[in-house]
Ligand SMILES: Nc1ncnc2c1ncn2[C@@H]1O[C@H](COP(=O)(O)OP(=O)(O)OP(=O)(O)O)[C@@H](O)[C@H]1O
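Take a look at this single chain, the form predicted on its own, given in structure tokens.
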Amino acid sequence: MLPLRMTLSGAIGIRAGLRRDSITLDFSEIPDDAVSVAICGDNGTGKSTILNLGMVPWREPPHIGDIYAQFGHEGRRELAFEHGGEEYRSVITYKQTAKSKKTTAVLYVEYGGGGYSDPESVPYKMLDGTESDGKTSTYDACLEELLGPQSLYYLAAFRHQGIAPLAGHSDPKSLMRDLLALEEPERLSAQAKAVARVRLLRALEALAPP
């Protein structure tokens, strides 16, 4: 995943550090021959906020605590990114009052590459027909189909301060499970072993002398 453009609105870290209600960065303006790119600024100016919230498409990035604590009454995250030669855009909004909290999230495919007003910008649709419709559950499913598990994403493409070693993978086997999506085969294997164990015990009981 290659970030192209991001906009953060209503983020407390940006408001406190830069005295601004929103910030937009266009990463596509970075020269192609750039070797390293740094975000510079004094402590508390919003650098971590940009990395944690602006440059990732996940609704609740790890190690930031309560996502709603990062915004005021209303917040908005928009990220355009390239993946597999296609351009996508995530739009996540947060609204909260003293009594309620609500998140709306949509993943778009930017066929025209012209930004949010482009008429060819359409909601992402999964292979099974599920469409990103604003619900957090469908957004998460669409994003995982596109980019893979969140834990694997942070391990492979986004390491920064405070991240847990190997993004929570304690051994190579757990990493391979995420890489190859082996959870379901493992579950079926465990069920098959349990069934075989029961049948074997029954067979042994039948052979045992009275």
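Note that the structure is a prediction, hence the values are computed from the model and not measured. Counting begins at 1, following the sequence as shown.
Here the subject shifts to the form predicted together with this ligand, a form of this protein not shown in this document.
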Okay, which stretch from 123 to 131, 136 to 144, 91 to 99, 67 to 75 lines this ligand in the predicted bound form, with non-hydrogen atoms inside 4.5 Å? 67 to 75
Contact with this ligand in the predicted bound form for residue 49, defined as at least one heavy atom pair within 4.5 Å: yes or no? yes
Can you tell me if residue 42 lies within 4.5 angstroms of this ligand in the predicted bound form, counting non-hydrogen atoms only? yes
Would residue 17 show up as a contact with this ligand in the predicted bound form if we use heavy atoms at 4.5 Å? yes
Contact test in the predicted bound form: residue 12 vs this ligand, heavy atoms, 4.5 Å: yes
